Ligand code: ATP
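Next comes just one chain, in structure tokens: the form predicted alone.
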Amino acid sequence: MRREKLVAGIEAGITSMHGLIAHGRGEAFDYLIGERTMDSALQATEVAAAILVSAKKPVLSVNGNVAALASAEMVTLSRLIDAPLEVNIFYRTEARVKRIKELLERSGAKRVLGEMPDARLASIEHARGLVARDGIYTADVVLAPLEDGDRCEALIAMGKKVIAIDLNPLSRTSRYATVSIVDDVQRALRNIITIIRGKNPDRNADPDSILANYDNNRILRAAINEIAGRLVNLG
């Protein structure tokens, strides 16, 4: 079903052909983790939910694959925490950005940025460096599902907290992010939404205090160990 959504996304001019390669890589890791949310991923998800709720200016970044696979979840989360969505894509054309924006709006989005970027991330020469000043550029927390490593690194260098959703625990994105959720994007987003609705994290908490006892490297090591343990048991 996910593959069909991406193919439909290409036909609609939303997803790039290169996005299929990225999805295939992630799909391979999803097989390794058993197409489920691992304990380590759930720990990271709970921390991510708390940070998103307590952030002063969170922004949810959307690329072509995210739009095709999880536009409804992104819109639901956006409305739940009152955060704008921002279209940010590597293979940028104005037509693609407009189509993604329109898809999000049809899914119920109230505020979608990125169509007219007016700032650039330092050290990022390609199109993903083009951002909205009132969005990613001045955000304190950025949710970046299906991220690319150099932009994640640039955002961290700017002092932002980055929540990444990446099925590959070995990627540069996972290693640089503040919180790395090693999970499928739809599962992760649905889990974040469920946690916010159910546990109702403290909206007045300080994100730094939430992270005081959180070790992202430990989470990544746990994810790798869970994958390795599952493979040994399968053997």
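Source: prediction; values computed, not measured. One rule holds for the numbers: they count along the sequence shown, beginning at 1.
Beyond what is shown, the protein has a form predicted together with this ligand; the following relates to that form.
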Identify which of 55, 189, 167, 47 has a heavy atom within 4.5 Å of this ligand in the model of the complex; exactly one of them does. 167
Does this ligand get within 4.5 angstroms of any non-hydrogen atom of residue 149 in the model of the complex? yes
So in the model of the complex, does residue 171 come within 4.5 Å of this ligand, heavy atom to heavy atom? yes
So in the model of the complex, does any heavy atom of residue 69 sit within 4.5 Å of this ligand? yes
Just checking whether residue 51 would be counted as a contact of this ligand in the model of the complex - the rule being heavy atoms within 4.5 angstroms. no
Pick from 21-29, 223-231, 207-215, 7-15: which stretch has non-hydrogen atoms within 4.5 Å of this ligand in the model of the complex? 21-29
Heavy atom contacts to this ligand in the model of the complex at 4.5 Å, residues of 182-219 in sequence order: 183, 184, 185
